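Below you will find one chain, with nothing else, as structure tokens; this is the form predicted on its own, and questions on how it binds or moves follow later.
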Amino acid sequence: MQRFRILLLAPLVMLATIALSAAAQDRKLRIGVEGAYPPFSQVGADGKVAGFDIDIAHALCAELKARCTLVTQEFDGMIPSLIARKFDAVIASMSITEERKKAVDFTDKYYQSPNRMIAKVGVFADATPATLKGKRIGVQRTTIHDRFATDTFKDGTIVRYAKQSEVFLDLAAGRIDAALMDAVPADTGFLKKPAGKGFGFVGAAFNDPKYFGHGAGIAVRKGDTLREELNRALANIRGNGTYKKIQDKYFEFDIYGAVVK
């Protein structure tokens, strides 16, 4: 009789295992990405979004065995859209700050880079408030750079843009005098491009954690257990070499704790 029960239960256990496996494969997640912040994310000529953030998103979705849809969104609408459930997580080079943690939860960092001012070479000796008094400083709207510049360069004019690419355009055209941003996209997305000829970093890096936080993390809604799943997935891709393969595709240095000279 006992043997009969075991034989009867075996197919049921197998069916349950198959069902769980199918459910895992059918899991769907929507990821908010920007698509306008090279080399982390940008829309190519083929209309597809690509970049470091995008490859990280795909790698994490593979670890979670989830089918992910990437949803492009301007950066200043990321947190409101996340809270409104337009997507489940944000992978968009969003710095982990205490201010943002009031609205959303973050995973561990997945990269960290310095913040620098750029301007025409030889125009400014440094990037202090005194030197930039009366000057027009470009920033991407609602970013950590916007908040820092607003609080620090009170005697300058802060010019805000929806996209980082718009900052680059006005800087090259001379409509602003300097721009504050993440050093990595500044270097690869502007200084190494033809439009960036004659421009360079000014002064030392800015790193006040009050403004710049502790690296870029993935944002999820408050209390969402997806945070813990993503942390495990991040640890896995860091450990199995996937992260390094993605990093080496875009950078010649360790972006996890980057120092750009």
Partner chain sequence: MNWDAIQSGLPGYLDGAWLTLQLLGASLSIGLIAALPLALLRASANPWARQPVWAFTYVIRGTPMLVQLFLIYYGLAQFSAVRESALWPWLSEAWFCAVLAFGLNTCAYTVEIFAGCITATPRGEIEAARALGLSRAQLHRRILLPSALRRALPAYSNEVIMMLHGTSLASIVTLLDLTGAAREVNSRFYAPFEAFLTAAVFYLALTFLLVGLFHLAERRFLTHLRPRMT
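Keep in mind it's a predicted model, so treat the numbers as computed, not measured. Positions refer to the first chain, counted from 1.
The following text describes the form predicted in complex with the partner chain, which does not appear among the structures shown.
Colleague: Just give me the single entry in 124, 111, 161, 148 that has a non-hydrogen atom within 4.5 angstroms of the partner chain in the predicted bound form.
Modeller: Checking each option against the partner chain in the predicted bound form, the one that comes within 4.5 Å is 161.
Colleague: 127 to 135, 182 to 190, 153 to 161, 111 to 119: which one contacts the partner chain in the predicted bound form at 4.5 Å, heavy atom to heavy atom?
Modeller: Among the listed stretches, the partner-contacting one is 153 to 161.
Colleague: Using 4.5 Å between non-hydrogen atoms, is residue 169 touching the partner chain in the predicted bound form?
Modeller: So residue 169 counts as contacting the partner chain.
Colleague: In the predicted bound form, does residue 103 have a heavy atom within 4.5 Å of the partner chain?
Modeller: It does: once the partner chain is placed as it appears in the predicted bound form, residue 103 has a heavy atom within 4.5 Å of it.
Colleague: Taking the shortest heavy atom distance, is residue 175 within 4.5 Å of the partner chain in the predicted bound form?
Modeller: Result yes; residue 175 sits at the interface with the partner chain in the predicted bound form.
Colleague: For residue 142, is any heavy atom within 4.5 Å of the partner chain in the predicted bound form, or not?
Modeller: Contact with the partner chain, yes.
Colleague: Give, in sequence order, every residue of 53 to 84 that has a heavy atom within 4.5 Å of the partner chain in the predicted bound form, or say none if there are no such residues.
Modeller: Going through 53 to 84 in order - heavy atoms within 4.5 Å of the partner chain in the predicted bound form - the hits are 74, 76, 79, 80.
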